[in-house]
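Next up: a single chain in structure tokens, the form predicted alone.
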Amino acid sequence: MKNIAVILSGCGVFDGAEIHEATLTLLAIAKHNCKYICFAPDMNQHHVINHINGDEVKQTRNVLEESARIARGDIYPTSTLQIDDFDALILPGGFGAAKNLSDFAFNGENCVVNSEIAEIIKQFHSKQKPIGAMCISPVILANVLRNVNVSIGSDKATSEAIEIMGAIHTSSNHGEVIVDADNKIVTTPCYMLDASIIDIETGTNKLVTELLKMI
């Protein structure tokens, strides 16, 4: 049975992991008769957003503790992730990827990726283990790995930032995946487009399917 590491970035689209993307990723892994283990960095998230009105809330929340809401408590710090225990890596999207796992939301192509996350990605890549990323998360792969082919859909500003960072961007539509076979990377746009939850299910399932082919 294949074992896939899933890195979460909090709980909630505007300040953490996108819940539909994360949950449907876990479902797709399970439906393919594979195992998953969730991880998140043990750190404070950048800020907290009221998901009703979009206002920033004066609270401090921990990325690992918030991610545990999605993982039903079965989650571990990214500092404990052992690459040799896993066959593939997946990063769901949500603003947490651009605010907590990196600072892309604030610094664009000049962003910095969390050192733990960057090291995990580099190790998976160096061991030729496939990596999947969805929504905004492909910008992290572009920043860390540079010469890779990824997709966030069709957003002009984000795709230009990806190419400035040294990666290649390929446009994609609802439920589509872009496969970089040479680098064993699969990406799908999810909510970077005006998607429905059905589109998200299609994209996450295709992403997992393509990842498993590469193992």
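Position 1 is the first residue in the sequence shown; the rest follow in order. If you're wondering where the values come from, they're calculated on a predicted model, not measured in any experiment.
Another form exists, predicted in complex with a further copy of the same chain; not displayed. Remarks below refer to it.
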item: Listed residue (Ala161, Ile178, Ile49, Val148) with a non-hydrogen atom within 4.5 angstroms of a further copy of the same chain in the predicted bound form; value: Ile49
item: Among 148-156, 41-49, 180-188, 163-171, the region lying within 4.5 Å of a further copy of the same chain in the predicted bound form by heavy atom distance; value: 41-49
item: Interface membership of Leu207, a further copy of the same chain in the predicted bound form, 4.5 Å heavy atom rule; value: no
item: 4.5 angstroms heavy atom contact with a further copy of the same chain in the predicted bound form for Ile75; value: yes
item: 4.5 Å heavy atom contact, Ile37 to a further copy of the same chain in the predicted bound form; value: no
item: Sequence-ordered list of residues in 185-215 near a further copy of the same chain in the predicted bound form, where near means a heavy atom within 4.5 Å; value: Tyr191, Ile197, Ile198, Glu201
